[in-house]
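Just the one chain here, the form predicted on its own, laid out as structure tokens.
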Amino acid sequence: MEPDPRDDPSESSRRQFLKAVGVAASAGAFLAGCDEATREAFFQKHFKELDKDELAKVIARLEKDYSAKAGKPVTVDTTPAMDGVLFGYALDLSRCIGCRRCVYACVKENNQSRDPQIHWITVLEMKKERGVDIFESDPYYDSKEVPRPGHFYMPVQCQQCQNPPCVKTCPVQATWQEPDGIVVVDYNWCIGCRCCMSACPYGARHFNWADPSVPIDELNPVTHYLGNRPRPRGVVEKCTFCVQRSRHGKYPACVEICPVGARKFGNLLDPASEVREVIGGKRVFILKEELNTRPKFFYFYGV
């Protein structure tokens, strides 16, 4: 019986070499037909590995590209987390009226696609007689007036977990938790595998199946690299507590727009912050506590 050439170590090495050369050649052929900006983006380092000069070059390229497409100046901020800050959120279920103003304020602020629609916040309508029951809730309620008698409302978004399962499952480390507690995504590094979506127990991550559609006149030009900058097709995106606002001392858009003051936001490390006062003095619970994700998003009953 003649030996199988595939069992020959030298043959195996040769095949591996040819495979590597073929992949490199294919990539080279692809990149040869691309413009300089595309080639630079292809070879860009992970955000956390960029030095000051490299980061400045990346931001300049992005701002030039976004501004050209938008027809107006677009800025891309890279403000890092502040020392001594751990952001937390609290939502008063006894006040929320289900108006969904938070949903559309978030869409406008964070440049989410209008067609197809992508919402980072989902508002669930629930029956008071059943209490908090996710499986019996209605995310598609369509009422002429809210709140409907006998119902209450529970908005759900990224819970900014202290122990985020989405981060653990990402095979390329495109998502991570910042020192201020915000779980972010490097959209240039994301490969769109959606492992993070499968791992998230809150349905808080959203995949761009098509090129995001944002009307030019509605594009928010004040963006952050790790937040609301324009995202391409084929990546996963999520709530970042409006990092472009919160790291400059502003409330997230959903907090600012709420007409009944149901949303509270602040620094969990500051005993005098409103969010700490809520946690210390109200009936508080977290969603799916049994999973040990340790959310920094709290629900409470103010009255």
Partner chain sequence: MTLPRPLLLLVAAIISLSCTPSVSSKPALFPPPEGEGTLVADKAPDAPRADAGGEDFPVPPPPFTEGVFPCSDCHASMETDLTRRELGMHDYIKLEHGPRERWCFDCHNPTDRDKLRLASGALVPFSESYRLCGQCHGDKYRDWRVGVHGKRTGFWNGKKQYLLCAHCHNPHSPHFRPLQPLPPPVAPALIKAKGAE
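Fair warning: this is a prediction, and the values are worked out from it, not measured in the lab. Numbering follows the first chain given and starts at 1.
Absent from the display: the form predicted together with the partner chain. The rest refers to it.
Quick one: Met82, Cys99 and His248 and the partner chain in the predicted bound form, is every residue within 4.5 Å by at least one heavy atom?
Judged in the predicted bound form, Met82, Cys99 and His248 all sit within 4.5 Å of the partner chain.
Since the chain is shown here on its own, which stretch among 89-97, 154-162, 72-80, 216-224 would lie within 4.5 Å of the partner chain in the predicted bound form, judged by heavy atoms?
That would be 89-97.
Find out whether any non-hydrogen atom of Tyr66 is located within 4.5 angstroms of the partner chain in the predicted bound form, and reply yes or no.
Contact check for Tyr66: no, nothing within 4.5 Å of the partner chain in the predicted bound form.
4.5 Å heavy atom contact, Glu277 to the partner chain in the predicted bound form
Flag for Glu277 set to yes.
Quick one: is Glu178 in contact with the partner chain in the predicted bound form, heavy atoms, 4.5 Å cut-off?
Glu178: no, not in contact with the partner chain in the predicted bound form.
With heavy atoms only and a cut-off of 4.5 Å, decide whether Phe265 touches the partner chain in the predicted bound form.
So Phe265 counts as contacting the partner chain.
Does any residue in 277-302 get within 4.5 Å of the partner chain in the predicted bound form, counting heavy atoms only, and if so which ones?
Counting only heavy atoms within 4.5 Å of the partner chain in the predicted bound form, the contacting residues of 277-302 are Glu277, Val278, Lys282, Phe300, Gly302.
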